[in-house]
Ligand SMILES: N[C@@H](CCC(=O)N[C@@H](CS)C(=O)NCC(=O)O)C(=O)O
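Only one chain is included here, represented as structure tokens and corresponding to the form predicted on its own.
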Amino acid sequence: MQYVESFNFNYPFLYSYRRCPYAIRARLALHISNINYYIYEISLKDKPEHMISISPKGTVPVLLIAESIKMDESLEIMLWAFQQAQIENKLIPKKNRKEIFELVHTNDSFFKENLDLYKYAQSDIDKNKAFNQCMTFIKTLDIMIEKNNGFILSKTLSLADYAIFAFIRQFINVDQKKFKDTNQKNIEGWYSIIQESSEFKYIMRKPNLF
């Protein structure tokens, strides 16, 4: 991962925003797949014209592999990276494949919708309602992590862990004390493992550190 100030095709090129959960999981996948790439950190107030021209929806991540090949869905980028590194079968075991994608879908729809409501609620009633909805998913994950001795679907990290982590991180950071009071010890342990990993710390480095 090398930050650049302009578009470059020597390596795959990623438009990203450091705190965006979709961009975080794309960067994690690229990093653990040992793919060298250039990264351009966008400003949400001034998005690059080139990015908008190739992906009019205007959201990150956007990965360009060649002039005619682009991906602007984070899950698509993750799968491409794992395929390039030939670790797809390790991170998406056949026996868990259906369950992995079902969990990620629930995260990206039900949980993300309620996470946004929780973050931006206009009243305490709406905020608490959204919080409780989010907690139904959190509690499901907590049970799965306990059952699988540390991670969501197995004893090792899978696509599910990498794809869901950044959204749980965003949820926790809205009100860390409120989450702590729910006493979800398995989620807390799981979260700490990924949060403190060298992989996560690396992909969260700021441009001025390069």
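This one's a predicted model, so the numbers in the text were calculated from it and none came from an experiment. Don't overthink the numbering: it's just position in the shown sequence, from 1.
Same protein, other form: the form predicted in complex with this ligand, not shown, and the subject of what follows.
A.B. asks: Only one of 187, 14, 20, 194 gets a heavy atom within 4.5 Å of this ligand in the predicted bound form. Which one?
C.D. replies: Of the candidates 187, 14, 20, 194, 20 is the one lying within 4.5 Å of this ligand in the predicted bound form.
A.B. asks: Within 4.5 Å, heavy atoms only, which of 88, 99, 126, 73 is in contact with this ligand in the predicted bound form?
C.D. replies: If I apply the 4.5 Å criterion carefully, the residue I get is 73.
A.B. asks: Looking at heavy atoms inside 4.5 Å, which stretch does this ligand contact in the predicted bound form, given the options 31-39, 54-62, 147-155, 172-180?
C.D. replies: Of the options given, it is 54-62.
A.B. asks: Considering non-hydrogen atoms and a 4.5 Å limit, does this ligand approach residue 66 in the predicted bound form?
C.D. replies: Output for residue 66 is no: heavy atoms all beyond 4.5 Å of this ligand.
A.B. asks: Although the partner isn't part of this model, could you tell me whether residue 50 comes within 4.5 Å of this ligand in the predicted bound form, counting any heavy atom of the residue?
C.D. replies: No.
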